[in-house]
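Structure 1 and structure 2 below are the same protein chain in two forms, each given by itself as structure tokens.
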Structure 1
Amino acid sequence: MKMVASAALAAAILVGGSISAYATDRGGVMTYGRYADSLFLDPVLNDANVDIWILSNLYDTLLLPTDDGQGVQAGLATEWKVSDDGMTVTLKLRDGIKFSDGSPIEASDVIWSLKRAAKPDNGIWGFLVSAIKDVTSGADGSIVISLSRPDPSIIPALTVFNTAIMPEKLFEAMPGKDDAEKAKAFAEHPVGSGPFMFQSWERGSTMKLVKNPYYWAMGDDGKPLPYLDGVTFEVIPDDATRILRLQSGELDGAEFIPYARVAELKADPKLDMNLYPSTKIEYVTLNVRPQVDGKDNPLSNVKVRQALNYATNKDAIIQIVTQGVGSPMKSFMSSATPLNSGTGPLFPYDLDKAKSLLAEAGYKDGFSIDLLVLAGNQDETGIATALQQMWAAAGVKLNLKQVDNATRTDLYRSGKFSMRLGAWTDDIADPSEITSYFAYSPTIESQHSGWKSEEVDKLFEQSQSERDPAKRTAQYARIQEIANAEGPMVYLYESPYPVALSKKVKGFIQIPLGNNIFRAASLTK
């Protein structure tokens, strides 16, 4: 495996992202409107996007994801190498790196942080680094990660939030009898080595981050990043209010702009309406068990599942729900996920084919079935009512069951559902995460659908320790071929992250994995 990168290359990538004709303005505090507040700022023990998507501003990782979310670049480590047998990763730490309190980042902090992330039963993200057996430091101060098996996703895993480097001594000095209690205390005023450091947090309202004076990366003026003096997050759950505050100039940016308002904000001369490429997909999960709630389940027949896919006019749904900003899915994983093998939209709309497939499956007169919809969610309601009409044309009567999220999760996890709407984003620049949840049955029975393909399961297990990239690509191509054709899904669309920024803001990005990256953001004076 050729996963070696020199510091020069990494630096070239970094600078390349921020080259501009004139120097970037420094200073100022960027105020960013979020739809919901963070919950728990611990890299390992958190469990929600509201944390994950901002953590990288506070905590640095050994490696960083590239802006397209598909590759890796240098972070706290400047060089990395996977041994020929695939069992060891050796990394060289950057010189002179410090935490935001000024204390040096030692190899012991790295070892402790990675071991904490890989410890079984510590949080829910351990599976991303489950191959880590031990972490030690070499004689030259390098970091040596020993693996229990070759793991092709170990390099991208070192860019993921849960492998962030934390100050061991500070953490261990927190009050509390165990890791969980110490984490609670630590996360109230976290210290990391990201471009920003924590200043204050009023729950449900405001979180203030200020510039970390010890951050290692350089801006295009040759001085350390970040350009901003700080970032302030304001929690504004109501979409209309969030947009109003942006328009009135009280915010410099606002996330999750409803699609219905994208065109309007694009026309606003004071704003930049961005649609950042994402790994977000929307789909229907189909329960494929022979029986659901003691009744025969038509969805257990693969022809019925294919018929529903053909009966779904994706382009129409994309127009109705995303106002045209979405695109049809080419595979069960997003186009931004590495090793996506899709070539064209899956199951192009074909009502006649849908009808004949239903007839072949013995449902010439159709059937009636329930769909779980998140109550009060505009997108889901839009999708569900569109599906109801489209499928009625093929004779399938869709009953919409509105439930809240906890109820739906409960029904989903216990397999007591026929169909549900769902959305997903990747956390790692690798196809293994989504595949383990969507197609590999041992994890959660392929989205709790009961779908199982012996071949997919075997291929996935092989791919998890496959060292030859070409072979791994072929394994994933076959997995997608099977799962896309027979799997437990109706494919709806991929959609970008809609973020509106003031024209003053430059250099901000939300990468396909969802991370909001403020390190090269600046405010034009």
Structure 2
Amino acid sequence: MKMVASAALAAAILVGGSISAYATDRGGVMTYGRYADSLFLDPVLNDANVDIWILSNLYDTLLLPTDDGQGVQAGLATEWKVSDDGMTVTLKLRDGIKFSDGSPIEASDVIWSLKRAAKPDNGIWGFLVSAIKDVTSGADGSIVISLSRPDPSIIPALTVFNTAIMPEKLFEAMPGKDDAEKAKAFAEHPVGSGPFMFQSWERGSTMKLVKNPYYWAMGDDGKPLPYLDGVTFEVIPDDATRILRLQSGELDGAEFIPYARVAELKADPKLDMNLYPSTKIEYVTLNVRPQVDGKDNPLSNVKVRQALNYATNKDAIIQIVTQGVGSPMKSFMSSATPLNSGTGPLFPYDLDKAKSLLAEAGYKDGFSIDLLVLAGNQDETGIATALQQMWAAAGVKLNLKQVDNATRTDLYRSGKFSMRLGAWTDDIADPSEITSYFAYSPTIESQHSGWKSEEVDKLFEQSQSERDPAKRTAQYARIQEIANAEGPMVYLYESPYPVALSKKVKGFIQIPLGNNIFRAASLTK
């Protein structure tokens, strides 16, 4: 099947993914308030949304997601074709493309970048391109990807951050004995081909990006994107402070607006309060290992995990925290994720059933346990406080441990936690990513929880090469049936992305996959 950008799609690409309906001003620096800082700006070895949602502005991929997060459009490649047997992908590179340092993007850079992304054990995201067997250049300069097996998700996988095209010679010239050390050095001042390039980073405070003068996409005025001279990210973990600085005009935009403040900001004549469609889910990750910190762990018992779910009034939390804009989860994956098989809310509130399950598990008198909460985050504090009250009715004492994002991430990755509040958004229009991260144990032990199901692992591996849509649908339905019932989660809600922008800002979007797209953003004068 051959896929080529249509005339309408090409027009959309000219303005970075959405057709402009306004006379676009050029210049200016947009200042954007973030809830937490990035950690590591390498597209292959990162493991956090605070990195992922920045990477698309620094690096380009062969293909790009569409604004609705469901499709694929041209990126550094203008054409792509999958062979009839599903074993080869051929792509045509865009003419004249360059990295932000002015050096040309060669076929060798593409080959090296894709091989690095697919290298076993090179970052947790390698499973997205694990089918890649080899990457070569055709006689006509095309890129030819040979697969070890048919992969139904290979095309959307080429839109994901870990397949970003990087400058091979510059990366390999970095100091270090291995890829990880070179990546650490490279990520201190990364070079890509995205709409912006790295300028400076004061960790925990400010990151500055400036326009890439060599970016390939054109604006609605026939000149290269981006319109902005730069984007400055200010790290402001406290929600109230972030909003105050937005209202005072110090910020042009701010992410993760607490839902309790949405109505207020909608009424502010100086602001545009947006609720962007998303694949975002909110949940509690449970460490299910037999022991945590040398003590027996009640969460290792599936009946305890089910009891906590039944003791959670999701509808009440949705009203308290999201002001009613959220909806209960029907699966561990969002309703917008392809092949979601959920038919109704998971574990409807039933306090009596929760108490009964705790008694059956040997915890008739309950137990005490800790929950990691992001300090300064109003929504997480609201969720945690509600859970504390709800679970107390079932005899479970919940201790709230407020920590910064870096600390929580470190505890989470090392398995030194009991529970943590978490949020997820898909990066690909396919269920393979979230399933590998949440349920397939070899990737990261199911959200670093220690949960494992041999049946789920086997089904997931089969699904990765299954080209029959009906069979693949059935595989994912069974995976969800098992993981939803037994998995290491308390299921909370799905919700949109709440982003507030100054009225001066035009053209910015956050797509359902989470990416913050600044390439067609502008500031009116």
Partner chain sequence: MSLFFLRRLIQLIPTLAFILVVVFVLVRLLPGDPTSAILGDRALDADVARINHDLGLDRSIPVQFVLFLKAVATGNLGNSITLKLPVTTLIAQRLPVTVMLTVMAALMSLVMAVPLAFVAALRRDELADSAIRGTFQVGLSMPVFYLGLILLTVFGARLGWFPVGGYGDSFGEHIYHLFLPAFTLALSLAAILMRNLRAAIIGVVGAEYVVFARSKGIMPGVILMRHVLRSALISTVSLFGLSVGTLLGGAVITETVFAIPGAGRLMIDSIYGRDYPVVQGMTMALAVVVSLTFFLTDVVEAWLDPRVAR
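Not measured: the values here are computed from a predicted model. Residues are numbered by position in structure 1's sequence, first residue being 1. Note that the rigid core is defined as the largest set of C-alphas that superpose within 1.5 Å between two forms.
Peer 1: Kindly point out the structure, among the two, that is the form predicted together with the partner chain.
Peer 2: Structure 1 is the one predicted together with the partner chain.
Peer 1: Among T279, I243, I145, I479, which sits at the hinge of the chain's rigid-body turn between structures 1 and 2?
Peer 2: Every other option is far from a hinge; the hinge one is T279.
Peer 1: Once the larger rigid part is superposed on C-alpha atoms, how many degrees is the smaller one rotated between structures 1 and 2?
Peer 2: Relative rotation between the rigid parts: 27 degrees.
Peer 1: If I align on the rigid core, how far apart are the two C-alpha positions of T473 between structures 1 and 2? Answer in Å.
Peer 2: In the core superposition between structures 1 and 2, the C-alpha of T473 moves 5.1 Å.
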